[in-house]
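Below sits a lone chain in structure tokens, taken as the form predicted on its own.
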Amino acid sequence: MILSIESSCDDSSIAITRISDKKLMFHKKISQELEHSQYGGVVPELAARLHVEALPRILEEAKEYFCNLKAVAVTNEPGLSVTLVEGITMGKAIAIALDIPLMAINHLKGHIYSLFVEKDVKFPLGALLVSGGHTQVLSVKGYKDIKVLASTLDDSFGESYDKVAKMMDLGYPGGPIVEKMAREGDENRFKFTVPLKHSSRLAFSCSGLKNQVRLKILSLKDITEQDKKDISASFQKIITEHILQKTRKLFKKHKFKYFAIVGGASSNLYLRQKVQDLCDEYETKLLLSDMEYCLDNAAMIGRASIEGYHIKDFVKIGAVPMNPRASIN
């Protein structure tokens, strides 16, 4: 079995995955949303302290599997440096104590493998990765063969939702709140413009749309609850249209048999339906993670680590590479 650790941001998670059949033997996650909500976003130093408390508690529950461990896998990039180091330190300690190899897993690669928790992989595939820090379309042919086809020039899809929520004092985490508000709003009331609509560039950009929303909120002197719902719906419509316009261009260039949505924001049902419509148009099979594996978790890190274990993709315990701003490459 492989023990995997995830601590890239504000979720403390540990999983145990059986190598032979990919079965998830143990999985637990402790979220820090409540502690960070009063600040309107993640406070890195607070997140690190909470990992110090939560990770050992979860590990204690998984100790019955220690005698069957063949390796330890830990998220090493990208993420918050002060939280990544907590998981890496624990991973090193376990690897040394049990004299087993250590694997360093890219967090974004973990999101790709969230599609295949307790399942066999289906490669090659195209993937839209949408999270609080990234917006990318990827070509995935294997564990070591992942190529970025398009990426954001500035803000990410998930971050934009959170910022729009903050502008309207909706609370944290903002993404799910904006999505919920949008269901009761008029998506055609506010005429926001689609970013890069007339550009042939295969890239995403959300900062301009975010500013459009900010200016509209400022123009409404006494913003009502219905105004907030309509802004949420109008924003969601346009940012999704932007994602689809650029992704459609990639569909025309690449023949995807499988296409997936992964990352924390992949739980957005509006986005899922619109991408499903696009896939239907191109006769492409849409792959989706189970909702419980969309957000950061150790199960996806464990699933990715099985592929790494088979090719002995181990790292030296004394020198685990850590790049908080790493891409998927």
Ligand code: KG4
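In this text the structure is predicted, and so the values were computed from the model without any measurement. Numbering starts at 1 and follows the sequence shown.
The same protein also has a form predicted in complex with this ligand, omitted here; what follows describes it.
Engineer: For the three residues 161, 263 and 296, verify that every one has a non-hydrogen atom within 4.5 Å of this ligand in the model of the complex; reply yes or no.
Structural biologist: Contact check passed for all of 161, 263 and 296.
Engineer: Under a 4.5 angstroms heavy atom criterion, identify the one residue in 126, 185, 133, 87 near this ligand in the model of the complex.
Structural biologist: Contact check passes for 133.
Engineer: Where does this ligand sit in the model of the complex: which of 263-271, 49-57, 281-289, 63-71, heavy atoms within 4.5 Å?
Structural biologist: Contact-bearing stretch, as computed: 263-271.
Engineer: Residue 157 versus this ligand, in the model of the complex: is there a non-hydrogen atom within 4.5 Å?
Structural biologist: Flag for residue 157 set to yes.
Engineer: I'd like to know whether residue 175 contacts this ligand in the model of the complex, with contact meaning heavy atoms within 4.5 angstroms.
Structural biologist: Result yes; residue 175 sits at the interface with this ligand in the model of the complex.
Engineer: Could you confirm whether residue 179 comes within 4.5 Å of this ligand in the model of the complex, counting heavy atoms only?
Structural biologist: Yes, residue 179 sits close enough to this ligand in the model of the complex that at least one of its heavy atoms falls within 4.5 Å.
Engineer: Pull the contact list for 100-117: residues with a heavy atom within 4.5 Å of this ligand in the model of the complex, in sequence order.
Structural biologist: Contacts from 100-117: 107, 111.
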